[in-house]
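Just the one chain here, the form predicted on its own, laid out as structure tokens.
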């Protein structure tokens, strides 16, 4: 989700982009007992995306010998995973002059956590659904956006194409019985809440100030200039830092917790203080008074979310993109890298040999592919914790009745809710009269719920989504036609304390041999820019 005024634009929920094979993340789940039956309302819908059985195939393959390979193929560069990092890697290698780039992807379609979907004839997202305007350090992203025509130079300024920016109203919050503009809870003039908003903004501004050689907080994070202060921030939780700073206003804490759950999949008592501050300091800061630049909260978005972007990354690959391939083994040899993958359509093993393999997979998955796994990979995978997510698309046949307050927005958040709100897929349309639409609701789940996400029936989870929205939309159930949900067992790495100082993550990013790693996991958290830049950097010359 993006933030609206008066808070500066943040960069949430595009973060659902750990690369492809995220469904494979369910392989570590242990089934939990079934919950009580869902409500008696007869819901229409179900799960979408690849079956978790594909991901479990990797786990099962470790318990015995594999059958004989049915077909052998070769590539100069083989990319494992067609999420944002994998697709960006394929693009970078082709730009470097390597035409023989092949990509293997677990799902039938590319995009990873940034894939699009269709429901009721309307496009909608299955995960990440917007992209903020890039900051200076995200130069590869900016260059690509210029190629797409989303950015252009005009009178010495960089100008976004307004046709692709989020339409107004962008964001609203339900609080105190009504909808208000923006997502930051309102604060009365002279109130203690407003004073704490300003104090937090001052702290962020101080940390955002330039230092010798760059900034303390940058996006991607490895382009920042760390110092003793940022190292100390990474070694404590965000909650502990806020308490030490005397920042304890309940509305501020709710907002910051919501922001962390939305971008990192976990709250301020779990993520590091570095991560909580990076959320604001790497971009445009935190503003409580609405005095930020006019375009500070501008975001690109489309009905299918960031599926619009990944579709354009994938389009040039054509027959080089091989969907429905579950990678089972990777082994580096003297003259190349051997990969074994299961073809889900033909139920047979494929063997691949490549000069270079780009492993654009979550690190906990990558660690299972190598025997033995490189020490840095084992250490990095063991250090990461992952957040499960649920994304629900709800097809409604007519606009919902409105409560008191501001008009419907693209992004709609409920104060105090366990969920993260919903976006309206048809908000970007130019239709004159509101009608049927798809609402995409997001839930970052506690890690303890991962087993239930696999075991419990889809109707239980649908009921959970509906109960979260019932308080603000009591007519939702009568308007609901169908609900389709995507579950991510290990959707994104959670930036817990200590990750930014992990030498293993830095070592994996620096590897330039026959096997290279490209994934947002290398940053210890998951956003579009981190994944895209990691993919681009994978094509750097061999050392």
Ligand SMILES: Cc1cc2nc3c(=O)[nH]c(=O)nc-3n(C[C@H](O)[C@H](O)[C@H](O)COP(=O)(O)OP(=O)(O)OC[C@H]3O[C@@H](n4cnc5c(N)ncnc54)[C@H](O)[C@@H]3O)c2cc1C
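Remember, predicted model here, so these are calculated numbers, not experimental data. Positions refer to the first chain, counted from 1.
Omitted here: the form predicted together with the ligand. The next part is about that form.
- Comment: 80-88 is the region of 143-151, 80-88, 449-457, 397-405 lying near the ligand in the predicted complex, near meaning a non-hydrogen atom within 4.5 Å.
- Among 184, 391, 357, 275, the residue placing a heavy atom within 4.5 Å of the ligand in the predicted complex is 391.
- Proximity to the ligand in the predicted complex, defined as a heavy atom within 4.5 Å, holds among 327, 124, 173, 259 only for 327.
- Contact between residue 508 and the ligand in the predicted complex is not found at the 4.5 Å heavy atom cutoff.
- For the chain shown alone, residue 107 is a contact residue for the ligand in the predicted complex, at least one non-hydrogen atom being within 4.5 angstroms.
- Contact between residue 307 and the ligand in the predicted complex is not found at the 4.5 Å heavy atom cutoff.
- Taking the partner from elsewhere, residue 421 is found to have every heavy atom lying beyond 4.5 Å of the ligand in the predicted complex.
- Residues of 473-512 that come within 4.5 Å of the ligand in the predicted complex, judged by any heavy atom, are 488, 491, 492 in sequence order.
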